[in-house]
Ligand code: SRM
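Starting off, we have a lone chain in the form predicted on its own, written out as structure tokens.
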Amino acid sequence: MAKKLSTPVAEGVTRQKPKGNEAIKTRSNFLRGTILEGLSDLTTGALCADDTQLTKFHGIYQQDDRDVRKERRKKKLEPAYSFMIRVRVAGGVCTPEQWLDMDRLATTHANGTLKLTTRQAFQFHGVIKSNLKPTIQEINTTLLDTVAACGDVNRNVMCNPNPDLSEVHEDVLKVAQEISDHLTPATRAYHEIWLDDGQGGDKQKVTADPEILEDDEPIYGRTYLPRKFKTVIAVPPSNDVDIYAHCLGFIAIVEADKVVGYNITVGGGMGMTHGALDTFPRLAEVMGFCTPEQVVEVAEQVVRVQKEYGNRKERKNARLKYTIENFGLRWFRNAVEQRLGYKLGKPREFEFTHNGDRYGWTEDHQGNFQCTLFIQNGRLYDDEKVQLLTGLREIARIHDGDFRLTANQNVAIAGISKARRPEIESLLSQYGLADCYKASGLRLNSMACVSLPTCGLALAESERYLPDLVGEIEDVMAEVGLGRDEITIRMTGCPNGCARPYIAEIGLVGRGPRKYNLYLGGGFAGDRLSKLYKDSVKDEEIAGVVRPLLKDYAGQRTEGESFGNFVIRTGWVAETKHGREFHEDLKDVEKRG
């Protein structure tokens, strides 16, 4: 157990009367609000404004179809409301039975597609209000849940789904699950609202600790965290979880095929606000080292320090990255160590070489196989070319291993025995999935957020547009002789950065309808921020804007040089060494135009 020590004093921290989201949390009675009453109101497809903030803690976002918003307004109809439900999958691992249940719910309760997220979770889109409670209850019977998939709490904990040393996966997955369980909110609100106080049948994934009082949150308290909190575990040399983009990270240190401990990273985050120079993406920093046995208590104390010192006055500056930016890493480490009652160790050496997935077939240490499939932007559906939903459904019916969602929106079919492999290969071929991972290096390293038509923050297209843009840039790459070269490209419809565009070698961020800010120079291993190259580029101009850069790269790169390294070395953009240096004077950007 962590020792209770005196709280460190941080200059500038003040206690204020809560307002905005802080006031909503304070008066919510530990995330209950009036959600139950709102669900029973059949006169509208929506919930009230305060409850739409609280349902995020339950893994639910209220949305509406923006494609038909104007038409419905003209007809004096309310927006076409529906809900997105996010299912937590700690470490991204689920059973074939769970996969089949997610598939079934996607086709019966949602919009007929299943979404794999950038944080190893499932998402259902298009769930109407009357189907919310039945959907949550059915998710619970699968031994999965949606609690804390969103909101101002620790969200789905990620870990590397396919480490080069496959024997360590069980260890890092166990740690991810332990962190997830320990930092799950203790309130019974989820049980009362969605599971009828937990009386949902024989199978129950989310259960309440009888020693915890009904209105008690031992870690989060009444106001929870100032902002969302994200935790990941990486296994070098793969940085597929993009550890530097997250609040808290653990880098596995492996010796003699065994995890001996973890380097701890803190203070990463992607989101910013256009025009607000006091907001910026930031890379996490290595804070120290801990043993496997210390991971969970380290995670708790990092969360506790952020709960107390995070900015609750300005929500846009409330993430852990700003807490560390304001108070400094040394102060933050001291605050965590005081609560732990011991010093963290000196960080160990490690190296990341990439942040992409290992596609195709690999063999693990037990002689079983894993096949990682490319799922463009994480959207599973059937069309005339490929039957993703049906193919994976048929595979799940015979598969005796597991499925692993990746942080790049893809899926790995893992634990395939030698005897079962021919059957799965046949099904992959039958449903058009056999060659899905043989696309260009650009496409295989592409990623987009959902954006329009459902995200209320979206300023421009993302998921629906990036595949076509990648095709245009592929043509340019073929023209200049780059062929299948790997370049990371990511797109988001707004500056929140859900697809982590600010660490991509080519990043596109929605600025307005059909306009994007173009960023260049991120690290191929996700270890460097990019820099704004051109502001408000029209969508039809993007391929033309990157053409001279790609041509120069094809002719002038050194052996093994990544595109992100090249554009910095040759002066196309300056290196961003720290988040606060991310915003470049727009006059310099305008000169390039």
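Numbering starts at 1 and runs along the sequence shown. Please read these numbers as outputs of a predicted model, since none were measured by experiment.
Quick note: we don't show the form predicted in complex with ligand SRM, though the next part is all about it.
Asker: Could you tell me which of 226 to 234, 324 to 332, 381 to 389, 340 to 348 sits within 4.5 Å of ligand SRM in the predicted complex, going by non-hydrogen atoms?
Answerer: It is the stretch 226 to 234.
Asker: Please tell me which of Cys455, Val254, Ile251, Met287 lies within 4.5 Å of ligand SRM in the predicted complex, judged by heavy atoms.
Answerer: Here the answer is residue option Cys455.
Asker: Which of these residues, Gly91, Gly271, Gly261, Gly356, gets a heavy atom within 4.5 Å of ligand SRM in the predicted complex?
Answerer: Residue within 4.5 Å of the partner: Gly271.
Asker: Can Leu482 be called a contact residue for ligand SRM in the predicted complex at 4.5 Å between heavy atoms?
Answerer: Leu482: no contact with ligand SRM in the predicted complex.
Asker: With the partner left out of view, is Ile424 within 4.5 angstroms of ligand SRM in the predicted complex by any non-hydrogen atom?
Answerer: Judged by the heavy-atom cut-off of 4.5 Å, Ile424 is well away from ligand SRM in the predicted complex.
Asker: How about Thr141 - does it come within 4.5 Å of ligand SRM in the predicted complex, if we only consider non-hydrogen atoms?
Answerer: Thr141: no contact with ligand SRM in the predicted complex.
Asker: Do Gly497 and ligand SRM come within 4.5 Å of each other in the predicted complex, heavy atoms counted?
Answerer: Gly497 belongs to the contact set for ligand SRM.
Asker: So which bits of 74 to 94 sit within 4.5 Å of ligand SRM in the predicted complex, heavy atoms only?
Answerer: Heavy-atom contacts within 4.5 Å come from Met84, Arg86.
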